[in-house]
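The chain below stands alone and is given in structure tokens; this is the form predicted alone.
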Amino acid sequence: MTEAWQFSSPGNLNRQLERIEPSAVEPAIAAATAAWRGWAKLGLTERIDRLKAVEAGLREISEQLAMGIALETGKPLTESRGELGAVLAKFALTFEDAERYLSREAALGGPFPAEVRHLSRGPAVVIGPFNFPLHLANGAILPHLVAGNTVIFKPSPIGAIVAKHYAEVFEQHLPAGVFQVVQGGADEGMSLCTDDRVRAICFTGSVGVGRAIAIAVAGDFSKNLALEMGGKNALVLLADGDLRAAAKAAALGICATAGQRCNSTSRAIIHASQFDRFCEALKEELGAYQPGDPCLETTTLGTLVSEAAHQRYATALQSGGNWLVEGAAMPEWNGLPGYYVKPAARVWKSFRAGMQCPHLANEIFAPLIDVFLAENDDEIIALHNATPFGLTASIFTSSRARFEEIGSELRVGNLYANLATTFSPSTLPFGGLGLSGNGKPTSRGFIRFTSDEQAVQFGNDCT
């Protein structure tokens, strides 16, 4: 069992945060199992009404939760407020999805009247990440609850405090056992996932952990597993693309959340005709992102989340290469000890050199971007597809035809034109190919994976 833990704020290591005790797994699963049938029988309308009360409760404490995210994870306050906005917006989107996907469907054809029903599955486990400690988990929690499943939320240990306050609002408005938080680490997470009573899992995090979960539950093929596991996302600038807009989007894409996003722009693939000017523009745009206290509204670049992440970035900065912007991992900023950083950019001036980049298969999860020169379409496509990930990509071009031509060759689940790779709105599905996911996209429409279909036929004399 995981031991209790207490972290310091990554933006001020002198500020100790609340101590968190791990939770017992068995009582939580037993309570979720006992509450499931009653919650499912309430009906869709009643479940939505209960969740609307939760939404109102979260709205009342949204600023408190946003500040909690900034304190606990080092995400700038403005970004943390944006996360809370996404949390609240997800309620209405989920309710709309329920009307679309969970309603009974009349089945056409066949010898007897028939319909397709959507059955709740039972207890679901949602394992959330540190970088969006509420938003990404919330995107799976709400669909499962609306579909009539009970939910156990296992947040990241970094994010556990704000997750506790988020959960308290659910617990105030929902029947006992319908929604619970289990605090802990890998042991608690694996115990939840492998229990036979748990019928669905949604995990957001690293490839290693996601693969371990998939192997552990492979024998229970009726258990639904949704995985979202990151990316090595590329911004592609074609010869006719807006260079300045691309540089601005690349800087945003790598500096948002200090590069700790699954959809961060960790690569830029630039046509040779634009390469030198893009590099100068990127260098200028990165200057707008300066480290600062995450709890200040003026901060544009927050901290990394932990000492391990800080050291990993420092090591990456020592790995060699042709640096456009050298970056830094700093032990303090303006007198505050913390995991502060400056962004870095490295350039690869030939196709052959770019294909030998040591980080094509690894997420660094820090504000570092590799910029690759490509002479033609074949090199652009090859450089892009050289990674085993396939989450997001953005193509900068003034031609819809060129966008379609290149985009059709890029192996990603989310493709954008003239937008940052971090755009990823909640109004669309969000999932990746390859190591980025297992074909069950979260965000809009995730409710499709929260229930079982049942085909029903009515023979004669059934009135």
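No experiment lies behind these values; they were computed from the predicted model shown. Residue numbers run from 1 along the displayed sequence.
Not on display, but discussed next: the form predicted together with nicotinamide-adenine-dinucleotide (NAD).
Among residues of the shown chain, Asn224 is not one whose heavy atoms approach nicotinamide-adenine-dinucleotide (NAD) to within 4.5 Å in the predicted complex. At a distance threshold of 4.5 angstroms between non-hydrogen atoms, Glu363 is in contact with nicotinamide-adenine-dinucleotide (NAD) in the predicted complex. The closest heavy atom approach of Tyr340 to nicotinamide-adenine-dinucleotide (NAD) in the predicted complex falls outside 4.5 Å.
Among heavy atoms of Ser206, some come within 4.5 Å of nicotinamide-adenine-dinucleotide (NAD) in the predicted complex. Although the partner is absent from the chain shown here, Asn131, Leu136 and Gly185 each have a heavy atom within 4.5 Å of nicotinamide-adenine-dinucleotide (NAD) in the predicted complex. Lys154 is the sole member of Lys75, Lys154, His144, Arg267 with a non-hydrogen atom lying within 4.5 angstroms of nicotinamide-adenine-dinucleotide (NAD) in the predicted complex. Among the residues Gly253, Pro291, Pro123, Gly189, the one placing a heavy atom within 4.5 Å of nicotinamide-adenine-dinucleotide (NAD) in the predicted complex is Gly189.
The stretch that touches nicotinamide-adenine-dinucleotide (NAD) in the predicted complex, counting heavy atoms within 4.5 Å, is 198-206, out of 198-206, 326-334, 342-350, 77-85. Along 208-232, these residues reach a heavy atom to within 4.5 Å of nicotinamide-adenine-dinucleotide (NAD) in the predicted complex: Val209, Ile213, Glu228, Met229, Gly230, Gly231.
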